[in-house]
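In the block that follows, a single chain appears as structure tokens, in the form predicted on its own.
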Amino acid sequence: MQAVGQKPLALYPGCSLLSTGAAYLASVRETLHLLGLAVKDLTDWNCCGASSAHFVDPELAVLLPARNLAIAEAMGADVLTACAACHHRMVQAEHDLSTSDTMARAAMEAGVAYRGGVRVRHLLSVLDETDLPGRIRRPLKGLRVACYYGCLLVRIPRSGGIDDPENPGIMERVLGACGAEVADWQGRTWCCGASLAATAPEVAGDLVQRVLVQAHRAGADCIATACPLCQLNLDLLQGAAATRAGFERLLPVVFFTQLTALALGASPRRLGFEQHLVEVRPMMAALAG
């Protein structure tokens, strides 16, 4: 079955999904496979520039993702993203190229032959348009999920936004269609600190704790995210946050595609749960119960 949309989709994994977010890529592929969505891989792709290029060189921040857009255009495909930061940079570049003559000329001078017309689609949007309830084999019944968007996924140019930037609900719809109980909570678009975890860990630690407090208050069994850096921060810094805040338990922080793949019948062994720092067995117990 061809992916939802007018054109074929070419998956852009980005750098993180080949390293710290490897579990994300594995679960993305499992989800696509189990849905029978025929998605190609974007060939010869390069880094999109996240998260530092736009601070260092605004022109380079557009040209890096522009090359990927040009490759997709040559393939006759739209771009499929999973990483929130990659999605943000690709959409921003497409917007800049289509609205700025200066950026369009810079791309031509750099040898990037992009004429326009490539859509950048996030996997959440594709799944939101798919008949998930009819494909579910293992409903996520009994699992209460706090859907976490972070800063970047919904706060992008209007032309590429996947949902309301202040009150998104697309991840809730997708995981709800998989049978999960989705929490209504305040922290879903709050910042986790991003790369401050490396440069100012005390600031990131406070931001992570702030998010986790809200997830605990919502009675979540786990937190689901679409951002590899958000997942890493909430996973890595949670132990220290738990000590400071006095949490009685830790919350597994998983990629939303790990949950969709589970619901579609994938073996947990294929989804990279062992790569997470916070143990997922309590979450799996809630799911089994």
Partner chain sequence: MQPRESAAQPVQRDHSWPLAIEAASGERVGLCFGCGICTGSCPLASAMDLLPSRLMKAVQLGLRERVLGATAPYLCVACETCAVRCPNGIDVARVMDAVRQASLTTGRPVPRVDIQRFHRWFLRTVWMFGRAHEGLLSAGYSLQQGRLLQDLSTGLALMRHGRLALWPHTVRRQREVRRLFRAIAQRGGR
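Positions refer to the first chain, counted from 1. Note that the structure is a prediction, hence the values are computed from the model and not measured.
Not pictured, yet referred to below: the form predicted together with the partner chain.
J.: Please name which of the stretches 125-133, 165-173, 211-219, 141-149 has residues with heavy atoms lying within 4.5 Å of the partner chain in the predicted complex.
T.: Contact criterion met by 165-173 only.
J.: Scan Leu264, Ala242, Leu37, Cys47 and let me know which has any heavy atom within 4.5 Å of the partner chain in the predicted complex.
T.: Of the listed residues, the single hit is Cys47.
J.: The partner chain in the predicted complex: within 4.5 Å of a heavy atom of each of Val112, Asp235 and Glu274?
T.: Yes, the whole trio is in contact, each within 4.5 Å by some heavy atom.
J.: Leu64 near the partner chain in the predicted complex, any heavy atom under 4.5 Å?
T.: So Leu64 counts as contacting the partner chain.
J.: Just to confirm, Asp78 within 4.5 Å of the partner chain in the predicted complex by heavy atoms?
T.: Taking the distances in the predicted complex, the answer for Asp78 is no, it never comes within 4.5 Å of the partner chain.
J.: Given that the partner chain is not shown alongside this chain, does His54 nevertheless sit within 4.5 Å of it in the predicted complex, heavy atom to heavy atom?
T.: Although the partner chain is absent here, His54 would touch it in the predicted complex, with heavy atoms inside 4.5 Å.
J.: Would Glu94 show up as a contact with the partner chain in the predicted complex if we use heavy atoms at 4.5 Å?
T.: Glu94 lies outside the contact set for the partner chain.
J.: Counting only non-hydrogen atoms and a 4.5 Å cut-off, give the residues of 59-90 close to the partner chain in the predicted complex.
T.: Heavy-atom contacts within 4.5 Å come from Glu59, Leu60, Leu63, Leu64, Arg67, Ile71, His88.
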